[in-house]
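One chain comes next, on its own, written out as structure tokens in the form predicted on its own.
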């Protein structure tokens, strides 16, 4: 593949996108109390989550786009999360997310309940620079009773017709795992277009990848339509197996046995601590 010398503008973007050594270096950029958004599996940012736990980051407002599983539960159990804004946290067919359930029951975790369409609509408003997004589907639901920030107004174009306004979501950070990035800051996300929305909406985006390549991915017709531009990427680090036990399509499958084992072990604080010691501390295991 043709490799071009960067133009002055591209060289500027190269300086904007930092290439760091590890997920721990990425996590060092996240302060306590930040809003952090992550997408649903596959390609969950497990390596960055583990690094956040190792750093002892606290009071994170976690936004899931729109649901999450192992990684959200890991961060909750690791004591990083004070508030979660989500339409669901579970291990899917494997069962409940044990640390999420325990934190909700104990009152240790605050929740902003939402729906999948509402999360997506609010993120899309954030990516477009809009202050809010209108959505009809919440009318008549119990979600409205628990979300005073969702406002019901009369449709200005049709008197007597109610519509819900959702405040735009503009997280401080999006954390993402992807297959590959190039030296121009571009990150290939395959068909996961919602990851592009997440990066566009966030004030800063931190990304781990399975590999960093030298060629310009914009010149590859198969990759070009599925890139997060380096304009939106604060920093990238290579982290092989960085989504494990979630899948990284084209690199490794979902490790169902590992998540089943986690679900059983993390039902108790002692079991969860053992899981941390075995798989997260001092480093995320490359299974």
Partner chain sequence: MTEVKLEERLITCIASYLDDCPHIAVGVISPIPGSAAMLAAERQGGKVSIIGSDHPKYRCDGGVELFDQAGQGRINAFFLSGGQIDGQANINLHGVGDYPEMKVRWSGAFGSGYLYFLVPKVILFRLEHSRRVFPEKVDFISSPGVSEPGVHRPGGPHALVTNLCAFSFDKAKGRFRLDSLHKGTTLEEVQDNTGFAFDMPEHVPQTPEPTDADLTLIQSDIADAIAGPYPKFARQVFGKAA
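Numbering follows the first chain given and starts at 1. Treat the numbers as computed from the prediction; the structure is a model and nothing was measured.
The form predicted in complex with its partner chain is left out here; the points below concern that form.
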**Prompt:** Within 4.5 Å of its partner chain in the predicted bound form, do 87, 111 and 139 each have at least one heavy atom?
**Reply:** yes
**Prompt:** So in the predicted bound form, does residue 128 come within 4.5 Å of its partner chain, heavy atom to heavy atom?
**Reply:** no
**Message:** Can you work out whether residue 117 and its partner chain are in contact in the predicted bound form, taking contact to mean some heavy atom pair no more than 4.5 Å apart?
**Reply:** yes
**Item:** residue 106, heavy atom within 4.5 angstroms of its partner chain in the predicted bound form
**Value:** yes
**Asked** Does at least one non-hydrogen atom of residue 256 fall within 4.5 angstroms of its partner chain in the predicted bound form?
**Response** yes
**Request:** Name the residue from 212, 165, 94, 83 that puts a heavy atom within 4.5 Å of its partner chain in the predicted bound form.
**Result:** 94
**Prompt:** Which one of 229, 35, 67, 241 is close to its partner chain in the predicted bound form, taking close to mean a heavy atom within 4.5 Å?
**Reply:** 67
**Prompt:** When its partner chain is placed as it is in the predicted bound form, which of 199-207, 173-181, 74-82, 139-147 ends up with heavy atoms within 4.5 Å of it?
**Reply:** 139-147
